[in-house]
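Given next, in structure tokens, is a single chain: the form predicted alone.
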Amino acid sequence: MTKQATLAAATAVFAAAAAAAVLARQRLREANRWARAGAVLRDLEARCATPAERLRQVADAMAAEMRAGLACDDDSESGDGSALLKMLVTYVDSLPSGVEEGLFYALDLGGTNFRVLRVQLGGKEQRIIKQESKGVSIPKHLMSGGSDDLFDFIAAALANFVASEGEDYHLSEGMQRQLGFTFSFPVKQTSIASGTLIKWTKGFAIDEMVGMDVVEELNKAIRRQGLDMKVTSLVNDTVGTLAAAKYVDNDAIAAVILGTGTNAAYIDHAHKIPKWHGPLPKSGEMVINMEWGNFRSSHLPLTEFDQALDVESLNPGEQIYEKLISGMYMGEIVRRVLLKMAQEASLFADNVPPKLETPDILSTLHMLMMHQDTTPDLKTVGIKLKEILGIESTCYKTRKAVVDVCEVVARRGARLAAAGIYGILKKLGRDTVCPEQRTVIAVDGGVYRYYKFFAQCMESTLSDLLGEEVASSVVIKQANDGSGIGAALLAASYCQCLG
């Protein structure tokens, strides 16, 4: 072998060795990267763990806070009582029975959108003859502007809706248009058609409205539009959902909203409400609006991501339960976890995607679309990461890690929601075997309706907590648009004829 050949061979061996070393370093670096990502995920799983024993503790704490709220007689308009759960008396002591007739309206203000609805009722035989609704988005600046600006915008939409009414709808002669107002924020009611705002949630921050009568403000805005319409019932979305459920199933005893925000309402015995000082209603019952989003307990599994989100929110220290299980927050929690994985484990290659550092850029809708991706290569996850975060390309392992994070956050939320429902059943004594007793819980809201994993996980968890025998008598019913229909039904129940 010539000297040149020997040198060439040595060079080739050296180059191969160098290439092998580079490849080895790359593989080691890759292995370390995935080890760090796996460590973040395992820590998240551990901190979000919801074993059955913990869920039972959460349910017991929920039931205890319910009793405390029912006993807390706070007459101040600010609602600054000591109880975590306001357990607001709704003045709804008789739910729709099915005999209601006529044309009635509803306004459902529950988050970043509101809906206007009309329904023609035909009594026991025909029930709901016809209904129509229209959704309207609220411009962001109105969520923190003045009260007149917000209610004038809403009243104008109502006027337009009435103007578009077809000939199929018939208002009874001598009747003013009656409106049921679903207002899904904490309100201290003083009658079926009046209530003062305690505080805003879900991103609203119109400070001047706190302590004001929301029905009076809406009625004034309606009059400014020249519309002959009056609010005859003020209800929370959960109360509306419960009314709609009771209209079709007499065994309905509670309603839960799992959407942008979360809340629950249920029917209690009036004599078991210590803060109720009025005469006992003829029905002996009263619907209670729990405002359960403000529940908190040492048993709730909080992580660093939840704590940081809370500190940076519009209402730090409040609505802790809501921040764990509702649509406004779960996607943001996922974003924060992915950001840590990007920073500490280079989940999306060496650079942290700039958009990933933007709060609220990843919604719960995005989260569920990625989590429920059934394509073999998780193609939808890749598409969403590119569309939302500007990440051009991702490998399967990265996409799978994103799905795993979504699952941990969704599973925790669903199981905690089940624990809350279990707490209501414990308070009502419906967590034990009772022959011939059937219990229906109506559930509405986008998270429950569209996030199938969440809904299925919540239902199976509740069944496990109840046990097979009790679970067989407890029914979870999806109540599509229950808050709108329910408000119209309650308007019909409490309407007042003119003249």
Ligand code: BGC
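Residue numbers here begin at 1 and follow the sequence given. Keep in mind it's a predicted model, so treat the numbers as computed, not measured.
Keep in mind that the form predicted in complex with this ligand is not shown, yet the notes after this line are about it.
Scanning 384, 202, 177, 399 against this ligand in the model of the complex with a 4.5 Å heavy atom cut-off leaves one residue, 202.
Of the listed positions (420, 195, 261, 413), a single one reaches within 4.5 angstroms of this ligand by any non-hydrogen atom in the model of the complex, namely 261. Only one of 163-171, 206-214, 423-431, 237-245 places residue heavy atoms within 4.5 angstroms of this ligand in the model of the complex, namely 237-245.
Contact between residue 186 and this ligand in the model of the complex is found at the 4.5 Å heavy atom cutoff. In the model of the complex, residue 319 approaches this ligand with a heavy atom inside 4.5 Å. The shortest heavy atom separation between residue 92 and this ligand in the model of the complex exceeds 4.5 Å. Looking at residue 288, you'd find every heavy atom of it more than 4.5 angstroms from this ligand in the model of the complex. With contact defined as any non-hydrogen atom lying within 4.5 angstroms of this ligand in the model of the complex, the stretch 425-441 contains no contacting residue.
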